[in-house]
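Next comes just one chain, in structure tokens: the form predicted on its own.
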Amino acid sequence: MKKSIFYHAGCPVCVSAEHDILSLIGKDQVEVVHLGEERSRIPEAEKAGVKSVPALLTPNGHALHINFGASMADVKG
């Protein structure tokens, strides 16, 4: 089974959501991507439909925006 991808930028909202997502779905089912540390993955997130972080990309390719931490424009700086 393909994993979900949780994109975030390291802000308190994102970190809180990360803990909740990992608790709900399980660490083995989610790849966590910190876009502040892995800036090369920003285009991948945008192509997948991520408009703000934190966001969860499901195995079916749906971008689920969880709360609002930062827009992608903010992440790109």
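Don't overthink the numbering: it's just position in the shown sequence, from 1. This one's a predicted model, so the numbers in the text were calculated from it and none came from an experiment.
Omitted here: the form predicted together with a further copy of the same chain. The next part is about that form.
*Asks:* My question is simply whether I21 lines the interface with a further copy of the same chain in the model of the complex - judged by any non-hydrogen atom within 4.5 Å.
*Replies:* Although a further copy of the same chain is absent here, I21 would touch it in the model of the complex, with heavy atoms inside 4.5 Å.
*Asks:* Check whether C11 has any heavy atom within 4.5 Å of a heavy atom of a further copy of the same chain in the model of the complex, and answer yes or no.
*Replies:* No, C11 stays farther than 4.5 Å from a further copy of the same chain in the model of the complex.
*Asks:* Give, in sequence order, every residue of 45-77 that has a heavy atom within 4.5 Å of a further copy of the same chain in the model of the complex, or say none if there are no such residues.
*Replies:* Heavy-atom contacts to a further copy of the same chain in the model of the complex: L56, T58, P59, N60, H62, A63, L64, H65, I66, N67.
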